[in-house]
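In the block that follows, a single chain appears as structure tokens, in the form predicted alone.
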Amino acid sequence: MLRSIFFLLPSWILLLVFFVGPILLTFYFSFTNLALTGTQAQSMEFVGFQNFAAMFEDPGFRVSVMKTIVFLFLSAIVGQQVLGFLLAILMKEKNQAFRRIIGIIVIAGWVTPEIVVAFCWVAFLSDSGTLNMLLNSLGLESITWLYSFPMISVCIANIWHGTAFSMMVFQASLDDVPKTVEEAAIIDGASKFQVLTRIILPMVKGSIVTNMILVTLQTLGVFTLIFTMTGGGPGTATQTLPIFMYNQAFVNYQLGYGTAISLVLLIIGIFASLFYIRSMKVQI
């Protein structure tokens, strides 16, 4: 027993220092008036729920929550989840060479660092970018994509970046569905659509929920992609909660207020995960 504790002790210490410690500090700072400059930077004070009260009265916070929900729904739940599942279905039972080629192409977007993905899409969607050059070659006028359609632009970039993860999760899950079950259903007269909706989807329901939780938590934390492409603008068009939190903490120097926003972001992730589990009635 003591020997087991001795070997596990380093991992416990690392978890406490790099995981539990920052969470506890974030929780504590969210109830203080900690700032980067001024007298509050030298002597922070415990202010109770003052940061949270100010947050819910701040119209910028309410706008950011709505933008976060829209970005999460379009890019993660609809985009990455649905597209990843469709790619996995299309690649099911295809030969190994086909799966390998498509897999490499899709995974290339996933392994690319977020900042590189952002620059690639800025180069593609900017006023003098590749997409407008293609439109001009067809005799069409240029479109200011990042100004006229900022949310759609960042959603497409996030879908391109993250779909490979969902595809790999669904591929592994679909490979575990017994072929004999599908063949028996087809022999009994079931169409391919019925096999998909009544056999495959219920059998991979656990993977769907797991993937939804993972892509939701990942998307809630997306900062570099949006900040590089639009800076949260124009105006507040793409100001999601991570952008709003950064502006409050490091532009307005209100670290206490910023950490309170990060705590709300964490709570949103927890409630979203619980909602998926309860609504799909699965055990993770």
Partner chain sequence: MNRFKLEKVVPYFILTVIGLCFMLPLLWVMFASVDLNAKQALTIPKEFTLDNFTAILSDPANIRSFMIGLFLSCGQALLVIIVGVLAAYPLSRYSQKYKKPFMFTILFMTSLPITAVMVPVYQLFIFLKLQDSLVATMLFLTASGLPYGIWMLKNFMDAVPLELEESAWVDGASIWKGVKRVVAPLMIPGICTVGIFTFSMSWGNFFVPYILIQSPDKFPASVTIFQFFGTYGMVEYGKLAAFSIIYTMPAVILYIFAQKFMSQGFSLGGASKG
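As the structure is a computational prediction, the values presented were derived from the model and not from experiment. Residue numbers count along the first chain shown, from 1. So that the term is clear: the rigid core is the largest set of C-alpha atoms that superpose within 1.5 Å between two forms.
Another form, the form predicted in complex with the partner chain, is not on view; read the next lines as being about it.
Using heavy atoms and a 4.5 Å limit, would one call Thr224 a contact residue for the partner chain in the predicted bound form? Contact with the partner chain, yes.
Ser128: touches the partner chain in the predicted bound form, heavy atom cutoff 4.5 angstroms: Yes.
Just checking whether Leu83 would be counted as a contact of the partner chain in the predicted bound form - the rule being heavy atoms within 4.5 angstroms. Yes.
Using the partner position in the predicted bound form, report whether Met203 sits within 4.5 Å of the partner chain, counting heavy atoms only. It does not: once the partner chain is placed as it appears in the predicted bound form, Met203 has no heavy atom within 4.5 Å of it.
Partner-facing stretch of 182 to 190, 203 to 211, 119 to 127, 70 to 78, counted where any non-hydrogen atom is within 4.5 angstroms of the partner chain in the predicted bound form: Single hit among the candidates: 119 to 127.
Could you work out which of Ile115, Ala172, Ile152, Val177 is the residue within 4.5 angstroms of the partner chain in the predicted bound form, going by heavy atoms? Selected residue: Ile115.
Site test, Phe31, Ala53 and Gln239 vs the partner chain in the predicted bound form, non-hydrogen atom cutoff 4.5 Å: None of them does, since no heavy atom lies within 4.5 Å of the partner.
What residues of 52 to 72, in sequence order, lie within 4.5 Å of the partner chain in the predicted bound form by heavy atom? Residues within 4.5 Å: none in this stretch.
Superpose the two forms on their rigid core, then report whether the C-alpha of Ile268 is displaced by 2 angstroms or more between this form and the one not shown. For Ile268, whose C-alpha is compared between this form and the one not shown after core superposition, the shift is 2 Å or more.
Following rigid core alignment, is the displacement of the Thr180 C-alpha between this form and the one not shown equal to or greater than 2 angstroms? Thr180 C-alpha, core-superposed: shift of less than 2 Å.
After fitting the rigid core, is the C-alpha of Phe98 off by 2 Å or more between this form and the one not shown? Yes, because once the rigid core is superposed, the C-alpha of Phe98 moves 2 Å or more between this form and the one not shown.
With a change of at least 3 Å, which way does the C-alpha separation between Phe275 and Thr210 go in the predicted bound form: closer or farther? Here the pair is farther apart than in the predicted bound form; there, closer.
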